[in-house]
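Single chain ahead, by itself, as structure tokens, in the form predicted on its own.
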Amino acid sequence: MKDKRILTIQDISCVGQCSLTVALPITSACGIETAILPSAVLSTHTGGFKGYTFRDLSGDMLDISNHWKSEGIRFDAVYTGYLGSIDQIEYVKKIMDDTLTQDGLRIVDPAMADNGRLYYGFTEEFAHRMGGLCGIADIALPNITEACFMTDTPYDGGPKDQAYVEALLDKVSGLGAKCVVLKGISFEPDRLGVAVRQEGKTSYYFHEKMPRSFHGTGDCYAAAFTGALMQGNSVCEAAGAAADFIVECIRKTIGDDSHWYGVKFEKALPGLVKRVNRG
């Protein structure tokens, strides 16, 4: 199999184990050459830290992409994470058009909401524009909250049954996404998982539900999924491998109360690499 080269576009939170500081090592460990395009630089992530610094890099994004275009640099996939503005969403669309190979994949993690709420600074208009980005994606990776905001679906924090999940998958697919991996599915109190909608069919993958959640696990999931997929695993195989990786990341972290800001993904990487590496 030909070696793959991908580009990931998201912010750098220098401390906090999220965004590019997890995306680059995870996809690289999976054996995939990974280029980065930072959308912003923060001293820490915004979940629990105070007084963090922030520098918007929107003005550099197209210049960087134009240089790559002039050099003939192309990518087999572009995968996006946290984007800080509507302008960046539009830039990403152009960057994908300009830098992807003919059969290159568009992988979009909407990274804007959880637990029924948008992240700080985001609006419903932003969510709708993110829905447009997911609409041109080969694979969209929303959680339930993000899927609700993108499709104007009321969010109910209670248990979700299969009919609800299938209807939500219909709506996200209706935006135009060719394949949807919906995260945070639970039909039983002690089980959590993902639903994959591909070519009109839905499959599920469930695992043990961990007693705690941590910052950055969505970013780790998207990176592990992309790394597994680009190694030749199917969408369903990649979705399951990424889910199990997150469980292991949490297991490696859960006993250390001082490590509240992210997961110790480094300690779980050997298992992921062994599972997904085919080249």
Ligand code: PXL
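Each residue number is its position in the shown sequence, starting from 1. All figures in this text were calculated on a predicted structure; none of them were measured in a lab.
The same protein also has a form predicted in complex with the ligand, omitted here; what follows describes it.
Do all of T8, P38 and Y91 end up near the ligand in the model of the complex, with near meaning a heavy atom within 4.5 Å? So, no: the whole triplet misses the ligand.
Whether A241 contacts the ligand in the model of the complex should be assessed with a 4.5 Å heavy atom distance threshold; does it? Contact check for A241: no, nothing within 4.5 Å of the ligand in the model of the complex.
Using a 4.5 angstroms cut-off on non-hydrogen atoms, would T46 count as touching the ligand in the model of the complex? Because a heavy atom of T46 falls inside 4.5 Å of the ligand in the model of the complex, the answer is yes.
Using 4.5 Å between non-hydrogen atoms, is Y82 touching the ligand in the model of the complex? Although the ligand is absent here, Y82 would touch it in the model of the complex, with heavy atoms inside 4.5 Å.
Touches the ligand in the model of the complex: F187 (any heavy atom, 4.5 Å): F187 lies outside the contact set for the ligand.
Quick one: of I64, A29, M210, L42, which gets a non-hydrogen atom within 4.5 angstroms of the ligand in the model of the complex? In short, L42.
Counting only heavy atoms and a 4.5 Å cutoff, which of 214-222, 30-38, 230-238, 66-74 contacts the ligand in the model of the complex? Looking at the other structure, the answer is 214-222.
Going through 8-25, which residues have a heavy atom within 4.5 Å of the ligand in the model of the complex? Please give them in sequence order. The stretch 8-25, when checked against the ligand in the model of the complex, contributes D11, S13, C18, S19 at the 4.5 Å heavy-atom cut-off.
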